[in-house]
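Single chain ahead, written as structure tokens, the form predicted on its own.
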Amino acid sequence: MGEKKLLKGCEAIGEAAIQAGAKAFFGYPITPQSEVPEYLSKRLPEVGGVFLQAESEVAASNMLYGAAGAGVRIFTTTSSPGYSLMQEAVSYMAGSELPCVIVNIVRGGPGLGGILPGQGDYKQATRGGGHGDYRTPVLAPSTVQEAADLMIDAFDIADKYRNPVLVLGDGLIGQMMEPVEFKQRSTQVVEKPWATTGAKGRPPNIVNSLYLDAPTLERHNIKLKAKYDAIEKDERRWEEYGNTGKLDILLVAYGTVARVCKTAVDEMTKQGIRVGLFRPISLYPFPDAELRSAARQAKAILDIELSTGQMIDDVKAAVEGRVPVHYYGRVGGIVCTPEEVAFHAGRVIKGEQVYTIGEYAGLVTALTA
């Protein structure tokens, strides 16, 4: 077992990528993830890797395309507006079946927003974000240790399916410090016979997403869809916490918000309330069948997010109308507290209406005036 180190989330993400065998990073600084390129600018050259700060996120994402095409394990990190600028290249990489890992440390939005944590990029992350029929697996850590672990997994998933993989965190994940252990693991060399490594003694490889012949493009899209179906079948990840079976209420949350909800579950359980938490770890593929099973005996669901409710559509689709789904969230970089979660869960249990974001903000202001 490795030695635990106290690291900031951004540093742990950078080191985990190196542990996974990443040899190149192309990116551009944007808060709250700028510590990743800062860390890698020193660390990557130490292991014979390449660090390059591009002139923009657009340039960085196209450098990813070129290096991935050559078969190198590569990645980048960014934050919300930066990831938006990368969307065209991500679609090109998915269409060309190129593996890479992208980390989005989400900030509040829309627009430039603010540097405090948010979860407003959920739909962009889980629905593709760019143009065309493509999907990217999305992993959402809730601790710094999990961020490191999922980074390593993300590289394996990317190579397995020849597809971009997104790790979705928020400002808390990026900036908090926690002990991290980089577990020893055997790194297998992934053969990439499709890579553009120089046609010496073999026919040339062509990396391409342009198919002007309609039947050929249709066959390519059908092939991609079969890959996404395999991802949906085999790459679901989730965690259940707290009570199971008959529940007064089931909380659903991901990322660092789920940590807040775990504390709320513990406190509510002490009060005799039967409450559980379902945490999606893979946001795509969303663990809908597993959520449906967890919610089977729950009287109600409370979806908690740092957004205006971007995940709730997936939650509602998963439970198929069998359980009433309520929502509560905070935005603008304000993180809900365990007391808030317990307060709103209690209102749902009593059959009362959950306050909207604006109503609750006004209530808090009035109580603290």
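Residues carry their position along the shown sequence, with the first being 1. Every value quoted in this text rests on a predicted model; they were computed, and no experiment measured them.
FYI, the form predicted together with a further copy of the same chain isn't displayed, but the following is about it.
Novice: Candidate spot Gly245, Gly276 and Pro287, all three in 4.5 Å heavy atom range of a further copy of the same chain in the predicted complex?
Specialist: Contact check failed for every one of Gly245, Gly276 and Pro287.
Novice: My question is simply whether Ile334 lines the interface with a further copy of the same chain in the predicted complex - judged by any non-hydrogen atom within 4.5 Å.
Specialist: Answer yes; at least one heavy atom of Ile334 falls within 4.5 Å of a further copy of the same chain in the predicted complex.
Novice: Does any heavy atom of Gln124 come within 4.5 Å of a heavy atom of a further copy of the same chain in the predicted complex?
Specialist: Residue-level check for Gln124: yes, a contact with a further copy of the same chain.
Novice: If you check in the predicted complex, is Ser80 within 4.5 Å of a further copy of the same chain, heavy atoms only?
Specialist: Because a heavy atom of Ser80 falls inside 4.5 Å of a further copy of the same chain in the predicted complex, the answer is yes.
Novice: My question is simply whether His326 lines the interface with a further copy of the same chain in the predicted complex - judged by any non-hydrogen atom within 4.5 Å.
Specialist: Contact with a further copy of the same chain, no.
Novice: Name the residue from His131, Lys299, Lys183, Arg292 that puts a heavy atom within 4.5 Å of a further copy of the same chain in the predicted complex.
Specialist: Of His131, Lys299, Lys183, Arg292, the residue with a heavy atom within 4.5 Å of a further copy of the same chain in the predicted complex is His131.
Novice: Quick check on this chain: which one of Arg162, Arg237, Arg135, Lys227 has a heavy atom within 4.5 Å of a further copy of the same chain in the predicted complex?
Specialist: Residue within 4.5 Å of the partner: Arg135.
Novice: Look at the stretches 86-94, 153-161, 279-287, 246-254 and give the one with heavy atoms within 4.5 Å of a further copy of the same chain in the predicted complex.
Specialist: Stretch with heavy atoms near the partner: 86-94.
Novice: With a further copy of the same chain taken in the predicted complex, which residues across 341-359 come within 4.5 angstroms through any non-hydrogen atom?
Specialist: Heavy-atom contacts within 4.5 Å come from Ile357, Gly358.
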